[in-house]
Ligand SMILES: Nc1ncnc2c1ncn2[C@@H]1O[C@H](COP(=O)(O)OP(=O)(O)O)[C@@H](O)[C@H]1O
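This document opens with one chain alone, in structure tokens, the form predicted on its own.
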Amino acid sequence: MTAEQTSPVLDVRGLVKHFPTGKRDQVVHAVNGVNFSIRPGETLGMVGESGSGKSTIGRTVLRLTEPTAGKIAFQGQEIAEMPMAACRPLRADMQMVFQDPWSALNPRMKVRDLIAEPLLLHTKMTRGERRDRTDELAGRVHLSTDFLTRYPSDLSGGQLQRVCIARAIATNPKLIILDEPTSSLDISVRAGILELLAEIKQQTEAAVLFISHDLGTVRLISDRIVVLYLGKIVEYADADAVFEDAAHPYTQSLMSAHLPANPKAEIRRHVLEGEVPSPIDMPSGCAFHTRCPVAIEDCRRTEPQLEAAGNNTHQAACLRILDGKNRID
């Protein structure tokens, strides 16, 4: 059975997250009505500029941050308004790998105990079973068992991220969220982590949300891609369609910054003018109209909705698609 024929592991509808600023009736509009789903064995890439809401979405769907509004269905169970005590049993099936492995791990615990911690919290394994499982997990992330007796300070950044990944897959979760897992690593180390993630994807049927600003990495690992701008989805499509036939002007600009694998390929950069609007004072109409080179008056008044852009699996939120004037090149 293919991913398209199975029910989503994660289904998010109308997700909103606002943060108070400390001033009366003033909030940061971090996430603004986001919809997406991820099926078993599928990797959904999430891209956008800093401040677009990527990490907030990742934390909110796991209830590490409380949503302001919207529905979050995990394996068919609505969890957005579920009491926190009721969410705890689900933690074994919902795991996250953070951007900074140094701050994600307790520096006073040995690596063996760090990897075994989820097993201690979420399973009824005996001490011996946990030890065997920890050895197995170390092998799966290509860490010698010699590392298990060391402390985090004795490991490199890449080795620490492997520890974080081992912890995340320890309980065979149904959903894994990877929040910029390679951004703090050197390029050579990053390649090894990506190979590891590809192996894990083949070995498990976990649904994966891969959050990153690194377009090349996103294309390598993702089946589908969500493009965010000011907390809203502006494009949603298969990975190849986003890179080869982007429909939204913002996506076109974003993808033009991606260096192709072929060094002889023509590079056409689309540099946007102006600053990203404040998420405290959101612009009317299309949030991108203040920087969009093809915006018209309707773009300033009407908020576009995601609609088909070529086929039903490729959607974009741009009024100019109807008149064919959405291209900025």
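Don't overthink the numbering: it's just position in the shown sequence, from 1. Predicted model only: the values in this text are computed from it and were never measured.
The same protein also has a form predicted in complex with the named molecule, omitted here; what follows describes it.
- Taking non-hydrogen atoms only, G53 approaches the named molecule to within 4.5 angstroms in the predicted bound form.
- In the predicted bound form, L272 stays away from the named molecule, with no heavy atom inside 4.5 Å.
- Using a 4.5 angstroms threshold between heavy atoms, E49 counts as touching the named molecule in the predicted bound form.
- Residue contact with the named molecule in the predicted bound form: V276 places no heavy atom within 4.5 Å of it.
- Residues of 295 to 317 are not found to place any heavy atom within 4.5 Å of the named molecule in the predicted bound form.
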